[in-house]
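Presented below, as structure tokens, is a lone chain in the form predicted alone.
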């Protein structure tokens, strides 16, 4: 009984209850967001994410770090986000500061993989589409062609960050992601799953995407669910995850999952394993 109070104090400190309460209170006053939060991650978190992306893409870690620094220094993106936040339709739900959050992973994958076709299911206000357009534009300047398709269920939802970007690539289709994916014929090199994690929907979507993935294709999902893990295990695919560490934000961060290895799917003699890297 004498150790109850010291243990409670230890737990409060380790869980950062008091600092998180202060961050939540400050965020409640300052932020305009109510969903799909934007935030900065720590430098250590960014570098560990870079190590995961380097493993998936088989590229040097120094190259991935250069892409991280490239986006962090992108003034055009920052100015665009700030400008959209001042418009009448966005001033109550878009924060003016450019904070990529989990979408940093999408950008790094697009820069490292040089995908010919990127599909993003669930675009919200278009920050992911904006960063993917930027990555594909830079890839094109380096001689690597690539296109983007966004899928949004809501037929009337504004997507200003992407749609008002002057150098946007590709287009967005409104409707059910599973139904739209079934009508696609071209191989997908990078598929981003950012829709609802409802079990039946996710199972159907992953089953549909499986037949469309290029041999070197990668799925990035913001939901590490049992259905996603089962998909990787049952299809003999590789699985890595990254847990974000946020800088000065109450949100605990996303655990982003990456599925890849479609080119060796089903070849048990290749020694394919499913890895779960908690970073």
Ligand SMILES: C[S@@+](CC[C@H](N)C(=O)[O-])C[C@H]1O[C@@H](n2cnc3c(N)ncnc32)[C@H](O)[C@@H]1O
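Positions refer to the first chain, counted from 1. None of these values were measured; they are calculated from a predicted model.
The same protein has a further form, the form predicted together with the named molecule, not shown here; the description that follows concerns it.
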| request: Tell me, please, which stretch of 171-179, 109-117, 75-83, 133-141 lies within 4.5 angstroms of the named molecule in the predicted complex when heavy atoms are compared? | output: 171-179
| How about residue 189: is it within 4.5 Å of the named molecule in the predicted complex, going by heavy atoms? | no
| query | With a 4.5 Å heavy atom cut-off, would you call residue 207 a contact of the named molecule in the predicted complex? | reply | no
| Proximity of residue 99 to the named molecule in the predicted complex, heavy atoms at 4.5 Å | no
| request: Using a 4.5 Å heavy atom cut-off, state whether residue 196 contacts the named molecule in the predicted complex. | output: yes
| For 96-126: residues with a non-hydrogen atom within 4.5 angstroms of the named molecule in the predicted complex? | 102, 103, 106, 120, 122, 123, 124
